[in-house]
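Before any questions on how it binds or moves, here is one chain, the form predicted on its own, in structure tokens.
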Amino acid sequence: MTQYPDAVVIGAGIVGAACAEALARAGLKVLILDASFAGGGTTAAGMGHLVVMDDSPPQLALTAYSARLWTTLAPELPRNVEHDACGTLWVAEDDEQLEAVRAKQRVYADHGIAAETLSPAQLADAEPHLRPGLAGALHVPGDGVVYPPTAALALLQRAIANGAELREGVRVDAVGAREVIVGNERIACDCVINAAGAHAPELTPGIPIVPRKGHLVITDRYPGFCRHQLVELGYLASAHTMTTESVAFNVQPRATGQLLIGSSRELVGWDMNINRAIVRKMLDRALDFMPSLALTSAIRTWTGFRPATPDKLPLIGAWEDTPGLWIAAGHEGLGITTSLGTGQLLADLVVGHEPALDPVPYAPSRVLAGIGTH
């Protein structure tokens, strides 16, 4: 075992894996600890979308940066990561939403992100199973999909190839100044990265992260039924308003030919039971946009917990109350997309390199200063 690593990363989900990979690539000796198994938790429960989002300028900056990193990395990923550059269609139901689509396209264009507005006829041609009468859509061809557990494992393997060590089934009991405590063992290091997702506050009290429960449904295999990731324009309101309960249309094609149907959001603590009423609402919403989903067979439903913050931005950077402690958590439903950007940003900060984007909007110090806590 590496007794005195340069960095200890707590959590081997996709964000922790990306941090470990970037730190190891930068030349640090990295030890990764996970209480369960690599690629589990929220990572295993997620949809796996790689999507540029523009709910706020910092969110757009991080998702666009990460999307570029995914595009660069894609040719090096093993096949089991199931990377699919399928693009996203943001579907507009009416003329008012279509105006919002056009505004969204202008924002993307201003940031060099390829996107085009589709007419109703073009949308029907792109996705024949959508219902008639929709106003159009924004096509973002650079978006994609991965299978999150194997994506995390691929990043961990890259970290290990650069000298990192992974220990699974190891629960960290406490974090101190430049050390982690595991049972009776104290592991000294130069820095600790808390990448424990929704569990991050258990190790670093004061982090305003709460678990936001979601349901997903997966179908049997129907190759070609859906060609793009499909998201209703109203998804933004559902995803980024901290209501007690919400649903939105989101269907994703998988490399297996299956369809992944979402999405729901609930603030119910750690209750992992399936809420049949909200699943019904979620499926009804999907059927409203895609009626022929009624002809498919659902084979499994599950829940997961997104690590949500009050201001909808992750915490990436130093936790100034504890020397040597860094945070990489709070990504809500964008952890897969933003994992590579998070890892690179954090590694640059740790080793003192100039980061590719302004780190201030994501700095945990905004929480210590009382910003974003309302």
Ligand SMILES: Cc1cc2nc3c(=O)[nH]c(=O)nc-3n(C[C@H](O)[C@H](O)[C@H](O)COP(=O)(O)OP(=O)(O)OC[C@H]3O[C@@H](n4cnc5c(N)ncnc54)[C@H](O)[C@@H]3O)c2cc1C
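Since the structure is predicted, the reported quantities are computational estimates derived from the model, not experimental observations. Each residue number is its position in the shown sequence, starting from 1.
There is also a form predicted together with the ligand; it is not shown, and the following applies to it.
In the predicted complex, residue 129 stays away from the ligand, with no heavy atom inside 4.5 Å. Of the heavy atoms in residue 48, some are within 4.5 Å of the ligand in the predicted complex.
The shortest heavy atom separation between residue 304 and the ligand in the predicted complex is within 4.5 Å. In the predicted complex, no heavy atom of residue 139 sits within 4.5 Å of the ligand.
Residues with any non-hydrogen atom within 4.5 angstroms of the ligand in the predicted complex fall in just one of 209-217, 131-139, 285-293, 183-191: 209-217. Taking 172, 153, 101, 166 one by one, only a single residue has any non-hydrogen atom within 4.5 Å of the ligand in the predicted complex, and it is 172. Though the ligand is absent from this view, in the predicted complex it lies within 4.5 Å of a heavy atom of just one residue from 334, 30, 315, 346, which is 334. Taking a 4.5 Å heavy atom cutoff to the ligand in the predicted complex, the contacting residues in 13-29 are 13, 14, 15, 16.
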